[in-house]
Structures are given as C-alpha cells and as structure tokens.
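Only one chain is given next, in structure tokens, and it is the form predicted on its own.
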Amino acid sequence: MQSRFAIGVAALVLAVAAPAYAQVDISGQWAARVTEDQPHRAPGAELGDYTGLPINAAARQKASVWDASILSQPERMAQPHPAMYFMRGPGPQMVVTRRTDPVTHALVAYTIEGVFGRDDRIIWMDGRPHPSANAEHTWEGFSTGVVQGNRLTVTTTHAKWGVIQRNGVPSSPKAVMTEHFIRHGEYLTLVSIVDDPIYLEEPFIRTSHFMQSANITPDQRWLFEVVDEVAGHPRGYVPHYPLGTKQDGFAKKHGLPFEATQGGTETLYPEYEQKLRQMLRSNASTQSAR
C-alpha cells in the first residue's frame, strides 16, 4: 500500500500540473466612484483643456471648433455617448447581468444597463469573431470578452465617431478600445485603453472605479425627448466655432501656458515638467516687463 505521504505528494503534483480556471464575475449592481476626477465626469472638461491626452494636431483642430450646443439640434438630441466614453460619465450607475445558454448554462454574454442615453451594451463571451471592417458601426460598438486570470478583458470595435472627453476631443470609427475589468470583492476597477490611428499619437489609458450596490435603478431620465426647435438659433444653423479658433480660456483662467493645455504625447511624461517650468518663468518675465 502506498503511504499517505506518497498519495499526498501525487495529489499535489497533479494539482500543480492542472490548469487553473479562475473565473472573475462582474455581474451585479455597481455605483460609480468619481472622487478622483469629478470635474471632468460631471460638469465636464472645460473648452481647451486637453491636458493628459496624447492627441495629435487633427484631434486638437477638431476639438477647438466643437460647440456643445450641437447636441441641441433635433437630429442630435437623442445622441448617446459612444463606447469610448460612456463608461466614464455621467456615472454610469450600472446593472451587469450574466446571460447564459438555457440548455448548457454556459456564459454567452454580459449585458450592461445604465450608460448615458440607455445605449446599453452587450459583451459577447461565447468566442464569436468581430464582424467585417465594413460592417455597421454603432454607438456602443461590438464587444467581445475573455477571462484572463483575475480580470475580464474586453475588446470593442465598430464604434461610431464620438468623443473621449466631453469638450469635443474626438475618437474615430477606426478606434479600438481594450478594457480590463478587475474585481476586488465589492470594488470594481476598469482600465480602459483606446488606440486610435486617426486622432491619437499613442494609446490613451485611464481608470474608473465602481463599488457594489444593492439599489441601482437605471435612470429613466436619460431617455431623450426630441423637440422641434432649437432656441436662440435660426433654422439650419450648425453650432460650431470658426476654424482656427484658439480655445485659450482654460489656460488663462488657471494661469497656465497655452501650449501646456493642448495635450500631446510629450506632455504626458515627467520630463515635460522642466519645459513647463521654463514656460512659466518666461510668462512671468513677460508679464513683469509690461
């Protein structure tokens, strides 16, 4: 007879050799925590504030002529936020539900209810491929997910043109978003990475946080009602700022060099601090000379 020790060693070897099937589950009710970036996610970023964004000249030009009043046009009043932004604000206070096969009980998808405009999303978990590049683009895009250790990784393609920030900083239909949902008990961290060959110089990364709740009700006020007229504008007017507008209000308000507020890869790294200090000294010298 084998000794208990030998049996125990054999069992341990088998356990180590066997693959691990860790299964993170993001289903439940989740309340957004916005204490770290409330000004950007609630009232919204100010015009001309592109700090922390690796945007290129095309994105900067697009944002500088954007006027939020465009959303008051009848054809845009029901426009939701796109996939590249709607997990940021407002909220969302969301309900995540597991959708399983009624026969096998295998996980088919997660659905997320509660994003702005109720443009609720589906994350397919059954291994289906993404559609052709020529397939229809939607506000929520097409999302597939796979579990990797303690995180759910989601890839989203086929999203419409939209914004990554509510002051007009754009995202293109060619953008691809990768999300990592990481759960720690009653806390959920979402790491979002946007790759956009049209408007970004390098991947744009940010995090959002949620806390488990028991009384989330997707807000019905986020269902839009379209009216016939846009007050204060003649029929056919398209809200915009003229091409070449310099959105320097944010820089002046906060006493910052205009260049430092315009984003770009260079501004994201610690080395830029020295350049910023030099610009501040130069501005101070110019003002004192006056």
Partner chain sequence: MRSIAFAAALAASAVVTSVSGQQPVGTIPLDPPPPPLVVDGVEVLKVQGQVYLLAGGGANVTAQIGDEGVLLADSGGAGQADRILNALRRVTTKPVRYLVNVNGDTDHVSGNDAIVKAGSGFRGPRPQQVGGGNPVGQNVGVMTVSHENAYNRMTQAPPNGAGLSGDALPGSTFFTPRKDIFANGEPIELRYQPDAHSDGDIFVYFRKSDVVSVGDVFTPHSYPVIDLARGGTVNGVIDALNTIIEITVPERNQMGGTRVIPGHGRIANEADVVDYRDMVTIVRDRVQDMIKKGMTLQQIRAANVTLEYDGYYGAPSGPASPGGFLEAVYRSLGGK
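Just so it is clear, the structure is predicted and the values come from calculations on it, not from any experiment. Rigid core here is just the name for the largest C-alpha set that superposes within 1.5 Å across the two forms. Numbering follows the first chain given and starts at 1.
Beyond the structure shown, there is the form predicted in complex with the partner chain, which is absent from this document and is the topic of what follows.
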>> Which is the contacting stretch out of 210-218, 178-186, 147-155, 133-141, given heavy atoms within 4.5 Å of the partner chain in the predicted bound form?
In response: 133-141
>> Taking any heavy atom pair closer than or equal to 4.5 Å as contact, tell me whether residue 224 reaches the partner chain in the predicted bound form.
In response: yes
> Would residue 265 count as a contact of the partner chain in the predicted bound form, using a 4.5 angstroms cut-off between non-hydrogen atoms?
Replying inline: no
>> Does any part of residue 99 reach within 4.5 Å of the partner chain in the predicted bound form? Heavy atoms only, please.
In response: yes
> Does residue 62 reach the partner chain in the predicted bound form, with heavy atoms at most 4.5 Å apart?
Replying inline: yes
> Of 70, 34, 260, 230, which residue is found within 4.5 angstroms of the partner chain in the predicted bound form when only non-hydrogen atoms are counted?
Replying inline: 70
> Looking at the partner chain in the predicted bound form, which residues in 175-202 have at least one heavy atom within 4.5 Å of it?
Replying inline: 198, 199
>> Please state whether residue 255 has a C-alpha shift of 2 Å or more between the shown form and the other one, with the rigid core used for the fit.
In response: no
>> So, superposing on the core, is the move of residue 236 at the CA at least 2 angstroms between the shown form and the other one?
In response: yes
